[in-house]
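Here we start with a single chain on its own, the form predicted alone, put down as structure tokens.
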């Protein structure tokens, strides 16, 4: 039943199929590490896909120019939410919830229906692959994800900005006393989240060669679940990018296993992820209490 499940081709496809999820999870890790949350990533992904599709297919714009515009809008959108959160001391949950509805509404303003993309650049991207032996090849979407993941590790764990994020998530009052630039760090984190969601949307258009204003429904929950399953505390200050990679691969592996089985419906993916999420949250709670008792 699962013959060939652990082949090189399936493993490389695991990265390609979950590239959008992985890209959004890299930046969501930064958001959660800082003690925040971003519920707008799914809507921003959908907005980006339909924006790029309209600019390329109907306006005749080069895909790279369209992607650059989408990334710029996503970055500004995220930075604006970060500004509201910091300037007016608003809960990230509520601000990004508003951002979720706003981005989804903007997607439907652009187009109410899905739109296919027929472009030579997209054909080249679909055909691109770095051979790894046998039938395995690293696709363009997988390569983009892995490059962003490597960059995420450097930023999170080896830069002053990353240390500021950990300090902010650990304790904002303590971080302020330590001289951490609270405002600029928060704004930068949400700007990166908007950029990552837009990039995930651009990668999604490579994968589907289309744009759809409804794309990304529930996507933010998959992203948050992957980050939490990877060991990042929802309270902030604890977590790693390697853990998030593991969470994304766990999510993708369960999905692939269901596809290989062929007898189980897709809702079993939700059941499995929900069960894992509850287990990891309880485990995190246990570790937090144990750590508090040993101090």
Partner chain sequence: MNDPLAKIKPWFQGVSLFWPVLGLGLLLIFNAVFSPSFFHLEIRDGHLYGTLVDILNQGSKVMLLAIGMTLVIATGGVDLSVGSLMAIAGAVAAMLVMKISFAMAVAISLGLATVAGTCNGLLIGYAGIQPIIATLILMVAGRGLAMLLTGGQIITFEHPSFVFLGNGHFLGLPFTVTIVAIVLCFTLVATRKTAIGLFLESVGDNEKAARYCGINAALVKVMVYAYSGLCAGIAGLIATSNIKAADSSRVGEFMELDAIFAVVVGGTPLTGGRFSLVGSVIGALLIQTLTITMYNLGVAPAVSPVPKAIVIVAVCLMQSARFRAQILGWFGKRRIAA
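The shown structure was predicted, so the numbers you read here are calculated from the model rather than taken from an experiment. Positions refer to the first chain, counted from 1.
Unshown form predicted in complex with its partner chain; subsequent notes refer to it.
Within 4.5 Å of its partner chain in the predicted bound form, all of 143, 151 and 245 (non-hydrogen atom): No: no residue has a heavy atom within 4.5 Å of the partner.
Test of understanding: in the predicted bound form, would residue 158 fall inside 4.5 Å of its partner chain by heavy atoms? No, no contact at 4.5 Å.
Can residue 181 be called a contact residue for its partner chain in the predicted bound form at 4.5 Å between heavy atoms? No.
Please tell me whether any heavy atom belonging to residue 232 falls inside 4.5 Å of a heavy atom of its partner chain, as the geometry stands in the predicted bound form. Within the cut-off, so yes.
Quick one: is residue 163 in contact with its partner chain in the predicted bound form, heavy atoms, 4.5 Å cut-off? Residue 163: no contact with its partner chain in the predicted bound form.
With its partner chain left out of view, which of 167, 187, 224, 71 would have a heavy atom within 4.5 Å of it in the predicted bound form? Spelling it out, the residue with a heavy atom inside the cut-off is 224.
Only one of 56, 249, 228, 67 has a non-hydrogen atom within 4.5 angstroms of its partner chain in the predicted bound form; which is it? That would be 228.
Which of the residues spanning 107-125 lie within 4.5 Å of its partner chain in the predicted bound form, based on heavy atoms? Heavy-atom contacts to its partner chain in the predicted bound form: 108, 109, 112.
In the predicted bound form, whether the C-alpha atoms of residue 281 and residue 237 sit closer or farther than here (change of 3 Å or more): Farther: residue 281 and residue 237 separate by 3 Å or more in the predicted bound form.
Residue 280 to residue 15, Cα distance in the predicted bound form relative to here: closer or farther, by 3 Å or more? Note: Cα gap between residue 280 and residue 15 shrinks in the predicted bound form.
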